[in-house]
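Before any questions on how it binds or moves, here is one chain, the form predicted alone, in structure tokens.
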Amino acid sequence: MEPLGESVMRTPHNGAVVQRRSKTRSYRLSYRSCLGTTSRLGPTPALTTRRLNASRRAAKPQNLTERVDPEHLALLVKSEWQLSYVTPLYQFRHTQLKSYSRQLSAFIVAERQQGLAVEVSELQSSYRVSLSVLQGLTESENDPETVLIQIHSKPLFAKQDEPQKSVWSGLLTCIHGSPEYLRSLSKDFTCLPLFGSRGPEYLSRVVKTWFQKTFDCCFGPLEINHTSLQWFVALWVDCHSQSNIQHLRMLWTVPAEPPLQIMYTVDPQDAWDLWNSVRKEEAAKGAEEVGCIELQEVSGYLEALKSHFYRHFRLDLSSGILKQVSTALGSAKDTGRIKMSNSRHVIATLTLLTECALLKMPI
């Protein structure tokens, strides 16, 4: 068992030691294309260099209940999703979702009959698969419609009249995707880079296999790195005045023998007051755009939190790694698991995750 130390603290409002970086609007993340010679994408100009945003608009609460089906919205916010990235889908058409539903259903049954999905034995061989457009979840004219995937079945020994129940759900989405990248794609490709799944892992594998064979795409794990977790801290704390975050909890791993895990809990009002002080200091410099949050502010805020923790407990978190963040608005883990607990902030969360997925893609 790894030792777990927990600290619940009220953050002092003054005397913060904040280390700041030089002002910059953005920095580039460049990588080489990993395309094989047989891929239909071929060499695509201007797609091997990406820019990781260092400035974001502050999250604004949105009432999605007015434009998203309540049942779909409840599905989005009640569960924890495992994230993956997916490369552009070749010849995917939103108008063919009913046909895709039948094809995927038949594929799952065939995999089971061939013994390739032996774990499905506790479910009946009949499945109802539905692919549907999740209306109301696009934010820009370049974003493709979000696709919701649901698999229904029932236990092997269920009563004959017992209805099928949802046993797996998936989500393919692109919220505020890079306009430059989306416009550069051929019309034969649909970019839905963020894939979320909830349910048995073997069904996730079968669904991914079908998509890869049908649309010549590639899936990969989407971890939420240290920088992205820091962004979630800032974006969610920034919403406190509009939606009470109730708490700010951060799980840190500090190198030690044995490794030490620390749950750092901050009172929500203290977290908000400290964030305000960092924001006001940047605004006083005249370097802040109205309604925008800069990476420099995020870094400064985390440095202040770590400084206060050191002052109280004489433990330097700078040597550690941020592994998990949670508030009443949601939780994010470095393993690529996300939970959106408040529908008013779904768009802001999916926007950041879409960017993470686009940056992780090998093309």
Partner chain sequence: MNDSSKLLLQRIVRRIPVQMLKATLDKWGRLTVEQRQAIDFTQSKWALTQKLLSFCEENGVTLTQLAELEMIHVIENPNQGMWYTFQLLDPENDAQSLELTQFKQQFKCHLSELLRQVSVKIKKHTDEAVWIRIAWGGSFTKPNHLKPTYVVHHLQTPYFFVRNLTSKLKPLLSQALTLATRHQGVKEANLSGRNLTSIRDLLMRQYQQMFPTKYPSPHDEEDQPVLNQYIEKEQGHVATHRRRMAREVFGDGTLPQLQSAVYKLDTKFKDPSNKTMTEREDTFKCVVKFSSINLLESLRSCASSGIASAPVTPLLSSIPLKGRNYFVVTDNTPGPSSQRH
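The shown structure was predicted, so the numbers you read here are calculated from the model rather than taken from an experiment. Numbering follows the first chain given and starts at 1.
This protein has a second form, the form predicted together with its partner chain, left out of what is shown; the following refers to that one.
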Identify which of Q324, Q62, S307, Q296 has a heavy atom within 4.5 Å of its partner chain in the predicted bound form; exactly one of them does. S307
Ok, A234, L89, L137, L274: which has a heavy atom sitting within 4.5 Å of its partner chain in the predicted bound form? L274
Taking heavy atoms only, is I149 within 4.5 angstroms of its partner chain in the predicted bound form? no
Is E257 one of the residues lying within 4.5 Å of its partner chain in the predicted bound form, judged by heavy atom distances? yes
Is there a non-hydrogen atom of D143 within 4.5 angstroms of a non-hydrogen atom of its partner chain in the predicted bound form? no
Taking any heavy atom pair closer than or equal to 4.5 Å as contact, tell me whether Y264 reaches its partner chain in the predicted bound form. yes
Thinking of D270, R311 and R314 as one candidate spot, does its partner chain come within 4.5 Å of a heavy atom in every one of them in the predicted bound form? yes
Segment that reaches its partner chain in the predicted bound form - one of 173 to 181, 248 to 256, 104 to 112, 222 to 230, heavy atoms within 4.5 Å: 248 to 256
